[in-house]
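Coming up, as structure tokens: structure 1 and structure 2, two forms of one and the same protein chain.
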Structure 1
């Protein structure tokens, strides 16, 4: 194959001997070389994955109903809600309804000194170096102060291929899904995409 070979680092799920054994198991002269078979396999597999990604919509993989936080919640309340529900982020809705942002671990970490690479380890390093954590200023803030806005959203009919592209382009991990009338009907995370693609293979 020429150029951008997505299989370069990805071994085939069978060894050459497996294919040769299969060829011997089929009576008759199989008019194809091992290399041609492998190339056919790769192209057909890539096509199947693409087809399923294109035919799978957000509505098929999203988690629903979705847990939301309100923009006026204190960060302590919001963090506790996320912790209790065992999730790492949620859409933010205004008091009068309507999605206005998304809040996640990353937003908290950024407020707690996680720059520049937004990692939990950066916060730990800061705590250990400064004899105490700098969570204090965060205590008085509310969700609206630190959430990521505006919210990046998708629709139930968006393909998971487009959602995967959005994840990597915008460097986000979850995307609220809107119904036809603009209400939040679910949420898709990176994990949902991985599970959807694994079900295929």
Structure 2
């Protein structure tokens, strides 16, 4: 599970014995204590994370091309598309083009009666404890009826540090990325940012 702060999902993984083994593996004499070695590593690690935060752009980590849905698509069609593609959300584009919102599992869950921050299993439990399927009332609705709008977007040049801050501030899990002329060129998720940071672990 990806946490609210992507930078906390890659903890320093080593133990004291790992450090001692590494020090012993270096030929010659190392005039440094275990604690000094760990502090040096911590400082270097923090510096590397800061460098990645400030230099890595959305274009470096985004997924492309982007799966989109249209605002007039039925919820059944949209849900089927997301399921087939194995994704939990997608940007919504108007029939004439241009991004106007985002639709996700959360939007479906809320429309089906789930309270904010409730899980899919909570909806299943609610369904099992009531007569009939709670999804039935939304069968005739379209994407435009439940999507989150307006769409929160970023540009290819936006740093992943700024995107991570947007995730936390807006409590969202994905952000469509726009090119210079405003077209959708990619999408960045919390997982994309975690992977970028974890590469230095």
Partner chain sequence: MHYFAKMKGGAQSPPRVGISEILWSWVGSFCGISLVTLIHYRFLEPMDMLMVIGSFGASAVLIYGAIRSPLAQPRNLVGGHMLSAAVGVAAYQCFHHEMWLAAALAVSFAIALMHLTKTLHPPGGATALIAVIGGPKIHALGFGYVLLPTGLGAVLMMLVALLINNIPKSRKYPEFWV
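The term rigid core refers to the most C-alpha atoms you can superpose between the two forms while keeping them within 1.5 Å. Keep in mind the model is a prediction, meaning the values are calculated, not measured. Numbering follows the first chain given and starts at 1.
> Please identify the form predicted in complex with the partner chain: structure 1 or structure 2?
The form predicted in complex with the partner chain is the one given as structure 1; the other form is structure 2.
> May I ask you to confirm whether residue 179 and residue 145 belong to one rigid part between the two structures?
Yes, since residue 179 and residue 145 both fall within one rigid part of the motion between the two structures.
> Give me the angle, in whole degrees, that the smaller rigid part turns through against the larger one between the two structures.
It comes to 19 degrees of rotation for the smaller part.
> Quick one: CA shift at residue 42 between the two structures, core fit, Å?
On core superposition, this C-alpha lies 3.1 Å from its counterpart.
> Hey, core superposed, how many Å does residue 21 shift at the CA between the two structures?
A shift of 7.9 Å.
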